[in-house]
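The form predicted alone is given below as one chain in structure tokens.
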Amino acid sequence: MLAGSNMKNRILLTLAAFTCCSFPAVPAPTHLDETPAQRDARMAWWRQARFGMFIHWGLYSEAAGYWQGQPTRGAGEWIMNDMRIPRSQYATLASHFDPVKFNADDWVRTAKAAGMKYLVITSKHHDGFCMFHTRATPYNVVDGTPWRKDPLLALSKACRRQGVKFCVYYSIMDWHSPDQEPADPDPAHPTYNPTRFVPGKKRDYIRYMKTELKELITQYHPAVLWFDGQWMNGWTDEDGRALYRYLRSLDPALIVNNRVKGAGDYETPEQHIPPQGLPGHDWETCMTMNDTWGYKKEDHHWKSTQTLIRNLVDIASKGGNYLLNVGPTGEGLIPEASVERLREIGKWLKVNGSAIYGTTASPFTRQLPWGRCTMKVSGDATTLYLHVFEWPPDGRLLVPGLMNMKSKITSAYLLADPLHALGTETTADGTVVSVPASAPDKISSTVVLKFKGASEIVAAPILQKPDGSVLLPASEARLHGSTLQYESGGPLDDIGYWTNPEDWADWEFKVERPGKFTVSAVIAAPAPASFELSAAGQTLRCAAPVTGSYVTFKPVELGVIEISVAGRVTLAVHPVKAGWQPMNLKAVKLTPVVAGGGG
């Protein structure tokens, strides 16, 4: 994959107990005497954009997930490594690469119609094949294929014509380079990940890389250089900082991601959304639409349009950008399933774009029960955009903790119907907005609240969702004890490090509609673990499902409890001390028992 999904999957399977696998936050370097104001000016367009297109395209697109008639089990762009293809044999794909259906303006038009503000394309992936015309090696798309055209040049021009920022991806690891070799070589079954520098060749490779990167900057003028492959053996933080300085000396306005290593302007969580965002850091979640980055013709596991739009909203509500991938075919076409979803996202953004572009993270301290919130502040005016995933059936949208005491709501309306004012009232739990009986958009509808001055938000308990359920995520738990802690990154978003059976966790929530609830949880545990869950004077004796590892989560139904009175409730989870085995707990959920449904 892009940042080594295969490698990271193997790492995750061998993690020690409760190891957190998130990318470390790298503080922005202070090279070039850049002031905070200058950095803000350099990053301004990127922070405004919020949504971009990732494109993985190369020789692996020609292979389409197959080698000599056999399918790869891994991601499309990792086929050279995963199918253990010798360099000389893999290079023969170049003689067949002739994407006559490629049209740069069509690609950029697709991105722009989807509401994407920038485009990042692979100039060189881990396989080492260059998708631009470079003097550094004949192993490139112009000199090495029958097509003999430069797609990056065409795309950079098309982006300028259509007002989309052009950006490029570049892998530091290079499976084809004579200056790199497999770190653990096996001549009979060559694999390449990770590589290491051939002894005495590191300086040669850095010289080669600088030649190509200078070409990219001076000839194609990318707004972002998006690095990857930084985990190869021998590439150090110091190397990354030196390369960052060099690149910024060529173009002081350039933005560089953190995978250059040791430096970088923003963080790059991959295939997941940090539950709390990354406060204090610029960040961007990169994600596939299906299961692979490069084209793989048998991968039809497409995310729904609803998932993609709600991902975009979720990311913006946490202050991040969404870099959504497409993997064009060897012929040069973006798959129709991708185009269809992008078209639908663009349709949604035409109505709701002002609630995404240029917004900042939600001011609420916890996730809203019905959706998300983004915000804009201009002078003494504040605008809250309430992204409602679950429309209130009674027409009363409670915004918990929004008290409207020191500031005044000057207007409230639907972004889809700005001329129709909505009523608001302040209650003990927050502000209630009166909304129509039906949602303008079944995926996400936007309610706009404008204030004179700053909005006043106080802490509020977790509330029931419109469907009567209560979700208690790990990130909202109160943790008690010496080892227990919240961990995030990759598949983790859980309470972990539960090595001490004296430690325990609880949540406080508020129930407006009491009754019987089925209690379930999402748990990862390599060995049997017993615990007690207590709420409303009742206790359930529970067993964690054995999932085989601390990063393999499974849902489990725990039993039924009855909450007979409306009000605040505390739910606690305590280990059973005798024979306790640690587990990771992602969430607890209470679901109303349907009349006649048992319990």
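The first residue of the shown sequence is 1; numbering continues from there. Bear in mind that the values here come from a model prediction, so they are computed numbers and not experimental data.
Not pictured, yet referred to below: the form predicted together with a small molecule.
- The single contact residue among 192, 295, 107, 78, judged by any heavy atom lying within 4.5 Å of the small molecule in the model of the complex, is 78.
- Out of the listed residues 228, 265, 314, 503, 228 is the one that sits within 4.5 Å of the small molecule in the model of the complex by at least one heavy atom.
- The stretch that touches the small molecule in the model of the complex, counting heavy atoms within 4.5 Å, is 50-58, out of 560-568, 50-58, 64-72, 536-544.
- Shown alone here, residue 270 lies within 4.5 Å of the small molecule in the model of the complex, counting heavy atoms only.
- Using a 4.5 angstroms threshold between heavy atoms, residue 85 stays clear of the small molecule in the model of the complex.
- Proximity of residue 286 to the small molecule in the model of the complex: non-hydrogen atoms within 4.5 Å are present.
- Residue contact check for residue 248: none of its heavy atoms lie within 4.5 Å of the small molecule in the model of the complex.
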